[in-house]
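Shown next as structure tokens: one chain only, the form predicted on its own.
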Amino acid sequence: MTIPPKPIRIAIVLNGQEFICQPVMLPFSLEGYPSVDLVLYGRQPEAPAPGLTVNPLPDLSPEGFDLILDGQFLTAGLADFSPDRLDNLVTGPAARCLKTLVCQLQELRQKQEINSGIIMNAADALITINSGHVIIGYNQGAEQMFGYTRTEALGQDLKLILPPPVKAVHGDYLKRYLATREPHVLGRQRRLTARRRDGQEFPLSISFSVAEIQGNLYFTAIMRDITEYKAMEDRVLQSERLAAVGNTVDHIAHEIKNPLLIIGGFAQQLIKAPGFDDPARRKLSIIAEEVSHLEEMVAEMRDFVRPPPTQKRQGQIMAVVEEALELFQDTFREHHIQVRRVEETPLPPVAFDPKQVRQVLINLLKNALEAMPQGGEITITSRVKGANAEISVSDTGAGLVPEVADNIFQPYFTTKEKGTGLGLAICQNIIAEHGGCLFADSPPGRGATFTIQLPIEETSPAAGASSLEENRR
């Protein structure tokens, strides 16, 4: 059994109202606190422990130290160490007591440096506040996450980094805990939304803890930016939903495909058969058109949830652009739409699936056509941008309002009366499978521009998804 050391008791006599100590609020580091250098001297140069150096006692110069502790009166025989000449020399029992305190202080400081180094350099953000809601701890991870430096954050109210909904109630949560000592979120992990210095809000995972030190409460939050994790989670959730939808679509397609073919086929036959008046033929035409619409809808849903494999080969993408434009040549003329081509830079050959990219271009041209019922102009722009080949399709229509622009690539989102809301989602998936991205730019009232971006060099679909996120930002 280890016997604990006998405690050292110190009495301090005050001469007036002077302060001995100030309350300490350590901001996860020892910055601002002077270092303590201990230099050992002795009659014999043997080191008391490995790694320590003991200097010869005659080399001790009293002018080089703020305090000299001589518990065994070893300096008594030295000429420069007369007690009446030195005010920084403490000898005897007082020196032995102070030596113990100084050694303990040095050991505590080393432990604090280790702890502060671990905390300060942690990748996660660590922030500590006192019971007054004031930030007293703020590490480098918090600097990188929130954008405020330690100097700017320390001493400020925690509201500095809280988004408006949380900012209004967080102080009340703290007051309630101080009054009741009943934890609601302490010791648990939660997901919240935080705000960076530039105003950007982002999701984070956060856990709270409280420590009571000498009667004072300190609250610490450990935070991790989960933006990438949340995006991955959303992709997994979307994949699970698409798998469920895919099974449903396969079942629906299997069950209604043959009946639709029969209904549509009979309607077409009856239209050509004699004995029907014009009203009856119009009704049969409507039946045939609606059946065709249902067949297209089922096909779009199947393409979205069970897309065909991409078969890429090297080729000139502008040749596919010309093929798509040729399909709309008569339609554009009938609707008074002019087509303009702008080649900012020649496009090199790229690897792509001609059939799938043609499908994307046809969808974009069809949308541009529908956006200009009174006529207008479509501009096809080609360029090389960085490591990508770009094709932009611009119209002079009314453009997209913000709520539409934000959701235009979402599955099943549509502003059309009979649309499935899958056309652009399918197009985006096709380009992503090529390792590229499809994005839109549409200031309200100034038309819309949809840009296809394909890598000049072969790349993976995951790289295309990352590029899409960059363009969205």
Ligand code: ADP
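From 1 onward, residues are counted along the sequence shown. Just so you know, these numbers come straight off a predicted model, no measurement behind them.
If you look for the form predicted in complex with the ligand, you will not find it shown, but the lines that follow are about it.
*Asks:* Does at least one non-hydrogen atom of Ala368 fall within 4.5 angstroms of the ligand in the model of the complex?
*Replies:* Output for Ala368 is yes: heavy atoms within 4.5 Å of the ligand.
*Asks:* How about Ala448 - does it come within 4.5 Å of the ligand in the model of the complex, if we only consider non-hydrogen atoms?
*Replies:* Residue-level check for Ala448: yes, a contact with the ligand.
*Asks:* With the cut-off set at 4.5 Å between non-hydrogen atoms, does Gly399 touch the ligand in the model of the complex?
*Replies:* The answer is yes: Gly399 has a heavy atom within 4.5 Å of the ligand.
*Asks:* Classify Phe439 as contacting or not contacting the ligand in the model of the complex by the rule of any non-hydrogen atom within 4.5 angstroms, answering yes or no.
*Replies:* Contact check for Phe439: no, nothing within 4.5 Å of the ligand in the model of the complex.
*Asks:* Where does the ligand sit in the model of the complex: which of 263 to 271, 391 to 399, 349 to 357, 195 to 203, heavy atoms within 4.5 Å?
*Replies:* Checking each option against the 4.5 Å cut-off leaves 391 to 399.
*Asks:* For the stretch 421 to 449, return the residues whose heavy atoms include at least one within 4.5 Å of the ligand in the model of the complex, in the order they occur.
*Replies:* If the 4.5 Å heavy-atom criterion is applied to the ligand in the model of the complex, 421 to 449 yields Gly421, Leu422, Gly423, Leu424, Ala425, Ala448.
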